[in-house]
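Presented as structure tokens, the chain that follows is alone, the form predicted on its own.
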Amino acid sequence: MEPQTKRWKGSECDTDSWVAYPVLSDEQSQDVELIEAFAAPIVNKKETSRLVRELSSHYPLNSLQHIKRVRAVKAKGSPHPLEVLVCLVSDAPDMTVVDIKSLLPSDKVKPEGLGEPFVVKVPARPPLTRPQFELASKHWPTSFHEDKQVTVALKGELFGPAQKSMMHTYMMSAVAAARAGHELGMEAVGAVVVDPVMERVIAVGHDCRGDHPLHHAVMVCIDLVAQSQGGGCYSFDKYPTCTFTAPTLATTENPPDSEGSSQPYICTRYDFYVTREPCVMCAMALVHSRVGRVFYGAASADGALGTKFKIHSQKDLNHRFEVYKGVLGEQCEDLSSLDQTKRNSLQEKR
């Protein structure tokens, strides 16, 4: 359901060379599931209101509140203008011959005005995105409460030229940090933390696992943000590219979720730009640090924000955030080739 990221062509400054697509939840990105139901033609339009009322009373279809009970027949030359859902196939008693009288108890639903039933497939769940809605509507008329931001994002049109220019700059900083880390023998992964309101870089970091197995680029940046707020647990002084700047007064006055605190809770409402899709550990750290949005360039086989898992959309977690993929996708994928070259070189030496 989700569009594929466009391949990069052109110069490194070309913001038209990439598109940031949303990484949606499984519910938003899965195919439309269909279930079988019995429908029947309404051969007498004057009976429509009564039929809908009586059918809804006997077969309420509580699990299909998103489905419209009656649909218009668009086929030219059709002998009847309307069709109505009678019941789910699973709700009907087992019978060798299906006819309208056998489906309807005579004491509750009068069959006058209905033709003989037939089987149709209808959407089992309400559509959450416009692509799902369009597919669902091909089978039976369906209600849809559209999230217009998701619709625009799926088209790759959520971010305008000015926004993309800033995003491009931030991810290029992450790419530069990744290359700096690679030159020091680390994995070529970089990250940048941004306050989107002030358009200000809060921290820049790269992979530092040469010193500690848990110092992935995201973990480094989270600690650097904590240092910018007077906390933090580690020192990255020997890595000149790993830096932070203290938030300005304007960014610390009554931020969301602060409950009157003088500063945000670590990464509240901040944006993360990461060259490679974060792993499970880093994704959970982003949850706990209350990040606002995550943008990454290259997918990872063990990635936890779209590839292997979608931790950011888990309903049982106490914080969720938006994720977008494909920002400078080609350049970020090139970083992965640097790591592969290094691994091949080490294997040859062995």
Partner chain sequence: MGTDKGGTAVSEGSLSVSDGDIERWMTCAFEMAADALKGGEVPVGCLMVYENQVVGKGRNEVNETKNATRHAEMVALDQLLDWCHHSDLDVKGVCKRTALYVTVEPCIMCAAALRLLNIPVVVFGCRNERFGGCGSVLDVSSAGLPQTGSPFRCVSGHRADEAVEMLKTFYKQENPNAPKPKPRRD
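All of these numbers come straight from a predicted model, not from anything done at the bench. Residue numbers count along the first chain shown, from 1.
Omitted from view is the form predicted in complex with the partner chain, to which the following refers.
Only one of Val32, Ala39, Ala285, Leu64 comes within 4.5 Å of the partner chain in the predicted bound form through a heavy atom, and that residue is Ala285. Residue-level contacts in the predicted bound form: of Gly231, Pro105, Pro161, Pro240, one residue has a heavy atom within 4.5 Å of the partner chain, and it is Gly231. Remark: all three candidate residues (His212, Asp223 and Lys315) come within 4.5 Å of the partner chain in the predicted bound form, counting heavy atoms only. Stretch-level contact analysis of 52-60, 296-304, 66-74, 39-47 against the partner chain in the predicted bound form, using heavy atoms and a 4.5 Å limit, identifies 296-304. A residue is said to contact a partner when one of its heavy atoms sits within 4.5 Å of a partner heavy atom; Val280 meets this definition for the partner chain in the predicted bound form.
The shortest heavy atom separation between Ala203 and the partner chain in the predicted bound form exceeds 4.5 Å. The closest non-hydrogen atom of Met219 lies within 4.5 Å of the partner chain in the predicted bound form.
The partner chain is not shown here, but in the predicted bound form it comes within 4.5 Å of a heavy atom of Ser289.
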